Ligand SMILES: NC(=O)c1ccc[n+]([C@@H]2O[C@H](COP(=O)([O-])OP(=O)(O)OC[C@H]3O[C@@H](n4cnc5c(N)ncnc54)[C@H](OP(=O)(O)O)[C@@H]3O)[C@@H](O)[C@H]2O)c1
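Before any questions on binding or motion, here is one chain by itself as structure tokens, the form predicted on its own.
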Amino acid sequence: MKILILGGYGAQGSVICYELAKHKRVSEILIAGRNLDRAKALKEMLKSEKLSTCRVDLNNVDELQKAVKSCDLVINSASYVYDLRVMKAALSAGANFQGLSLGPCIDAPGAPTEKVLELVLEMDKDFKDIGRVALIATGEDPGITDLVAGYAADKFERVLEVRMKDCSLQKSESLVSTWAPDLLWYDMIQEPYVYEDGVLKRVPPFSGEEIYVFPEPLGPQPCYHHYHEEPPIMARFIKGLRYAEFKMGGPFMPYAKAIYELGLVKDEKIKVGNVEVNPFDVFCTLLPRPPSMSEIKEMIRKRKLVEDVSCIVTDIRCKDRGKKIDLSYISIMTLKEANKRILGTTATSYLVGVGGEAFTEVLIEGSLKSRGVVPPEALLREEKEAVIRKLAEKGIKILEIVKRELV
């Protein structure tokens, strides 16, 4: 199988390249993006004959369509803002598609995530007609969160509530970005989704504060409502769902809230002296970009990056045979564990990259039969279980805790 990975040299894309280059059913991987030098540097570091590079500016549709030709699968690990464009290019080339997340797109200006989801689903029949699949929202969160919610919906009579939390902890000499700063902070300042009793509503950023006890070494951490795509997707694909929310947690979050409340990430121009500036653009420009795998290796060697922990918890309330059942699905990754498997990864890049790549392997191995536009919730039960097994093989274990009444 020939695979095009857009943003293939990024924090998550490089992890996907590393894993897929080892797979016997992958014949060629095109590492693509605007920065050809970074693509070539990754190819040189990974030293696989399967890897080649090409420059693709996703703002240039002709470049994209040219790169997609003759590929069997296109993975967008660059940015969700290009999902619609990449999906259409994959469709026209007769290729499968995979995206790690879902959100506002440049080809649908002003459309919120729930509208983009509808636009994406409009291509469902088209992908089915050519016998291909478009996997959407298949990273860590979204991705693993959606997977376990769908798994619970298969296992029990009805899923009533889904409450998701993402928490990170980092010990380093200076801030190490584990995600594209502009995308992370775009999510920070948007009004988060909460789905309740059939209504998808928006709540203020950094609202819903609570202290949640995560597994060690994280422990009790502050959490806030955070803009994410899971509630709109779950509202659409989990029948009988009454409530869904996503919260972001960790020791950094109170500082993020203060930055937001001070207006330092305000996304509109203000006058400073005789100059007009956009605080959001200035702030994101000052933040460091995610380091490459080689740079992470060096940071670890020099003890500039000491620890990085990433944890996702999905708390689910179900109903089965007249009884309520509370479930918790927990995945945790540390810098040490991630680098035992892939040198030069952070906990986050490993969870997102390998989390997404597990879906890819199930697809290329023929265990994923679904066609059309499919999020993890909508996979067949045996397909979900195949992805869960694949994640476990790669060190991403999902702990299930079940609480139910005995009588």
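Just so it is clear, the model here is predicted, and its values are computed rather than measured. The first residue of the shown sequence is 1; numbering continues from there.
Only in words, not in the display: the form predicted in complex with the named molecule, which the text now covers.
None of Y243, W179, F283, F252 but one reaches within 4.5 angstroms of the named molecule in the predicted bound form through a heavy atom, and that residue is W179. The partner is absent here; in the predicted bound form, the one residue of R34, R341, K50, K66 having a heavy atom within 4.5 Å of the named molecule is R34. None of 374 to 382, 66 to 74, 358 to 366, 35 to 43 except one has non-hydrogen atoms within 4.5 angstroms of the named molecule in the predicted bound form; the exception is 35 to 43. For the three residues L58, A78 and V352, a heavy atom within 4.5 Å of the named molecule turns up in the predicted bound form in every case.
Though the partner is left out of this view, K269 does not reach within 4.5 Å of the named molecule in the predicted bound form, counting heavy atoms only. Among residues of the shown chain, P290 is one whose heavy atoms approach the named molecule to within 4.5 Å in the predicted bound form. A11 belongs to the set of residues with a heavy atom inside 4.5 Å of the named molecule in the predicted bound form. Although the partner is absent from this view, L100 contacts the named molecule in the predicted bound form, with a non-hydrogen atom inside 4.5 angstroms.
Contacts with the named molecule in the predicted bound form, taken as any heavy atom within 4.5 Å, map within 140 to 154 to E140, D141, P142.
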